[in-house]
Ligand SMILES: NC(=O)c1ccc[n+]([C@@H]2O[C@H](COP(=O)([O-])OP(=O)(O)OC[C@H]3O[C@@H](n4cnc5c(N)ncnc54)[C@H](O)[C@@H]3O)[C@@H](O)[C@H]2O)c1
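Next up: just one chain, as structure tokens, the form predicted on its own.
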Amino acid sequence: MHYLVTGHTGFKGAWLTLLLERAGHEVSGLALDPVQGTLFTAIGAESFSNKDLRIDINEASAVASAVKVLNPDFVFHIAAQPLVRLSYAEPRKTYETNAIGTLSVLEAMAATPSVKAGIVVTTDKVYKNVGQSHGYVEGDALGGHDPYSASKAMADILTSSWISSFGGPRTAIARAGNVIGGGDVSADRLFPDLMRSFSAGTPAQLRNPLAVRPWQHVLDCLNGYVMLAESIMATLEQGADAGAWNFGPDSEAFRTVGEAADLAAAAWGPGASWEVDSSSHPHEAHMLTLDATKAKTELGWHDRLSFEDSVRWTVDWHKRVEAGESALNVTLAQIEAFEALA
């Protein structure tokens, strides 16, 4: 099958491209240029893509032309402005990319006869955060305090509206939480910040050490996306609306930022430490968790890695690559180890 991954130069996109290629699929990508030091470049992911196109999803006509030329069977729409803090600095770009950019992709999917189905990836932050201790389920109200969360909720609602109004290829919405793993170099994310500080031998700065997050390894998250894609392709006759799906870890992985940092420091070894950043910061949710009962019951999906293993695998990836091992070899080794857990 021919998959198109938007945002394939990003963290999740690079892992997904490699996963799909290893499974014997044809994979194409549509994204902006990768940022410096990203996993995509480190593993040479461009060599795994049938076509590697650098297009801004805000350019609707370019996206439409590209999708028609690529002629994929299935679209994973992952491209986004994915950072909460950056959304405060660049709100217009965030709203345009995450909402209207999603519309560009949906329009292109509908206009390309080869496209049979797709998944629009949003986030756990689409839910209206009312501070509940139990996980949010797919039917809970959507909202968003910061521009990032609001823009992704817009993309979520827009996707549902598009499907209801115009039909088109069978399409699902996938929502996941705090995904970690080797090769993430994004600014203002906990684990990339930890790895950079630990490597430099300086204390990492934690903004909200008491904030609770649902930590999940990228391979568990992407395994859910792939299982959902397979289910969608097997149920094309059921129509355009394939529903919304949460892919979050069990409650044992609902841990504070401080706990995650402590475990990461212990896994790294001597010289790894953190301290509280007491400067002023924009609002971020204190607690937000997902209930993935639907995916577990209807898809048979579950996390294979515990919270502790997810953190250790992330740290191990960075330590091995820093020590000189091939990023591609380390990534493939972790994929093989993950597959063996099945």
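From 1 onward, residues are counted along the sequence shown. Computed from a predicted structure; not experimentally measured.
From this point on, the text means the form predicted in complex with the named molecule, which you will not see here.
If you check the named molecule in the predicted complex, you find no heavy atom from any of Leu190, Arg213 and Glu275 within 4.5 Å. Heavy atoms within 4.5 Å of the named molecule in the predicted complex are found in one stretch of 109 to 117, 145 to 153, 235 to 243, 192 to 200, which is 145 to 153. Using a 4.5 Å cutoff between non-hydrogen atoms, Gly224 does not count as a contact of the named molecule in the predicted complex. Ile55 belongs to the set of residues with a heavy atom inside 4.5 Å of the named molecule in the predicted complex. Using a 4.5 angstroms limit between non-hydrogen atoms, Gly135 is distant from the named molecule in the predicted complex.
The named molecule in the predicted complex is not approached by Ala261, whose heavy atoms all lie more than 4.5 angstroms from it. With the partner omitted from this view, the residue of Ala42, Ala31, Ala64, Leu70 that lies near the named molecule in the predicted complex is Ala31 [heavy atom within 4.5 Å].
Though the named molecule is absent from this view, in the predicted complex it lies within 4.5 Å of a heavy atom of just one residue from Val75, Ile173, Ile78, Leu219, which is Ile78. Along 83 to 98, one residue reaches a heavy atom to within 4.5 Å of the named molecule in the predicted complex: Thr97.
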